[in-house]
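Heads up, the chain below is alone and in the form predicted on its own; it's given as structure tokens.
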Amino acid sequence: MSRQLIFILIALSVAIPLVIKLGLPNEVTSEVMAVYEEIDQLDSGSVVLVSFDHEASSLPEIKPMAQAVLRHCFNRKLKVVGLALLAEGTAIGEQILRQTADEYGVDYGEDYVFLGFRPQYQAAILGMGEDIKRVFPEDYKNIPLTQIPIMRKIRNYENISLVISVADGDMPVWWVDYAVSRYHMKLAVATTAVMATSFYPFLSAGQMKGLLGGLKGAAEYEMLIKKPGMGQRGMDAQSVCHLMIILLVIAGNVGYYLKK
């Protein structure tokens, strides 16, 4: 089998599932179900804080998870406060939040707000426990928080029902150290697959309420909210590609044996 043909088969095995919905089976894990149930039990009008704690390089994994969680929040008519504790996540987070909000026709300032970026994340997390407006005097659009309706009833963590850290590094640990331990906040995490195993001890200890891990976590959450997206398509492409690689390995060994 020629090298060119192998490349073509691998390319097709990735591209076709991304274009054509296959809907391969995917089992929902307990840690993903926990995030879903945590959000689903909140009363309409409750506030969820979503922190985009990631860099641009992890967008293919981060975006499907963030979109799935935000869709669930807006469908449940929850209020969403977005922010970023890493600079690269700022513009990306604002875009994901705005695009998802537009899907549900919710209003900026009334139903959601994006506060933007603040450096020194330890100080920012601690400061929000006392007064969010001191940490973020203005939102991403430079509008004073005192002029934004959604923020008039939100002073600190006491007015927030759940924090969700969308991360590709160890930022959720800082949320545990400063928001969970000190202010007893409820924390859920959506993280890249390579980082997911680092947070299972926190999950077992009850310091994290639930965990989405990479494309698989996104795909599972999309199944729960019954809204397929790039998570499921990405997992289909990954599964078909892995199957193609296995078949090519088998074919290569059979060909080698026959020639021998």
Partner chain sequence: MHTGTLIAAFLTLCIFSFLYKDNPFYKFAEHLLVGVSVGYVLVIALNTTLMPKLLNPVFKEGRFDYIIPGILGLFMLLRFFPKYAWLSRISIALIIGAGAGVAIPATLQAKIFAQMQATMINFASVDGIIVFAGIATTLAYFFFSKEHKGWFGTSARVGTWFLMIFFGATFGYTVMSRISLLIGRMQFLLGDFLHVIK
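Predicted, not measured: the structure shown is a model, and the values here were computed from it. Residue numbers count along the first chain shown, from 1.
This next part talks about the form predicted together with the partner chain, which is not shown.
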(request) Classify I96 as contacting or not contacting the partner chain in the predicted complex by the rule of any non-hydrogen atom within 4.5 angstroms, answering yes or no. (result) no
(message) Is G45 near the partner chain? Define near as a heavy atom within 4.5 Å, in the predicted complex.
(response) no
(request) Answer with yes or no whether M230 is in contact with the partner chain in the predicted complex, where contact means some heavy atom within 4.5 Å. (result) yes
(request) Answer with yes or no whether S58 is in contact with the partner chain in the predicted complex, where contact means some heavy atom within 4.5 Å. (result) yes
(message) Only one of these stretches, 116-124, 145-153, 75-83, 158-166, has heavy atoms within 4.5 Å of the partner chain in the predicted complex; which one is it?
(response) 116-124
(request) Look at the candidate spot formed by A34, Y108 and K186 and say whether the partner chain comes within 4.5 Å of a heavy atom in all three of them in the predicted complex. (result) no
(request) Just give me the residues of 202-217, first to last, that have a heavy atom within 4.5 Å of the partner chain in the predicted complex. (result) F202, S204, A205, Q207, G213, L215, K216
(request) With a shift of at least 3 angstroms, figure out whether the C-alpha spacing between S58 and I245 grows or shrinks in the predicted complex: closer or farther? (result) closer
